[in-house]
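Read the single chain below, which is given as structure tokens and is the form predicted alone.
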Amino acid sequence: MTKGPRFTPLVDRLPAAVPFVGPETQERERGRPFVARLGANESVFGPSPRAREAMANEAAETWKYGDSLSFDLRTELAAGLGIAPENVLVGEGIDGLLGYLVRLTVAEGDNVVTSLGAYPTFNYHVTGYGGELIKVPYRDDCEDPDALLAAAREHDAKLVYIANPDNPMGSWHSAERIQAMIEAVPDGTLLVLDEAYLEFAPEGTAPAVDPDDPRVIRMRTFSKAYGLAGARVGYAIGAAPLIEAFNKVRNHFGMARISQAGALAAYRDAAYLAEVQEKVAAGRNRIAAIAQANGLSTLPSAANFVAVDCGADGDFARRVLAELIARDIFVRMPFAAPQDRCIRVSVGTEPELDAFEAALPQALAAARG
């Protein structure tokens, strides 16, 4: 009998699972599409018209590989940040960059610290390279910098991860709090600062970029505020030796030309970004109003989604989620208690939020039995 491939012992131990079941998969299983796509924290307002035009123009050139150095985009980002291009790396979204970072720093058995219920794709990469995850609980629905640092010291962690603003709760810390965390990172530990939602946060959320600080690497993306989730463009900001090390493991032709062109044009269109930020702020307010009209509360959010507190435990929130999905409203929820008492609703178009408004009271009634 012919044998198949011989997997590594690590791969043999891993489950064949992905962090998120996408809406398309759910639609195929359900046999019908969603009316409102409010679960993936995408920007329903789409990319800048300039970005769409740039990508359309680049389509004819897509027979070429993309620039392996993403030179134009890195140069533009560096100029905007006031740093050198050597401190910037472009990659296939934050997810791809996190995978490369874990590959660079985490060997089997190495400890990595994160928050219980924080971004699961980071955990997926750590587990995939054999790292050991140390998880600390949220505090007051926020990631807890003090607890994260204490765990990093106790377990001699290679990496410690925090998102600011946070996903899935939408909470955030001030620039001063995050800078204090950077200053307190233990020797030999690298702080992974995920700033995917930064463009939606209040002024004073992000500390100033110090490109030469070897204690922190910052991750940002074009998937959220810039409306380019499907293009897969993210970037990392860090000390030049760390950024250079990515060249040892990254996919050098991982970036499509169309994606590079779209991100460059989007970054240059500050006026459109401001329009999206205004629409997201209005959308957060509407979600909060819908929740309040149904006797529910919401958490303050610095992201493009709102955590809606269903007022009971995780089992009840899961019933609410299931009833919304049954009514063709795609939403998600935090995975860990006590944050799983909430559902997480992304900002949508007015018709999508109309559909959510109509479905929520029915879902709550059905979940209550």
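Numbers follow the displayed sequence, beginning with 1. Computed from a predicted model, the values in this text were never measured in an experiment.
Not pictured, yet referred to below: the form predicted in complex with another copy of the chain.
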query: In the model of the complex, the residue from 276, 231, 178, 288 that sits within 4.5 Å of another copy of the chain by heavy atoms; finding: 231
query: Contacting member of 219, 255, 148, 118, with respect to another copy of the chain in the model of the complex [4.5 Å, heavy atom]; finding: 255
query: Listed range touching another copy of the chain, judged in the model of the complex by heavy atoms within 4.5 Å, from 277-285, 294-302, 186-194, 169-177; finding: 186-194
query: Close approach of residue 358 to another copy of the chain in the model of the complex, 4.5 Å, heavy atom; finding: no
query: Residue contact check: residue 369 to another copy of the chain in the model of the complex, 4.5 Å heavy atom; finding: no
query: 4.5 Å heavy atom contact, residue 156 to another copy of the chain in the model of the complex; finding: yes
query: Residue 341, heavy atom within 4.5 angstroms of another copy of the chain in the model of the complex; finding: no
query: Stretch 62-78 - residues with a heavy atom within 4.5 Å of another copy of the chain in the model of the complex; finding: 62, 63, 64, 65, 66, 67, 68, 69, 71
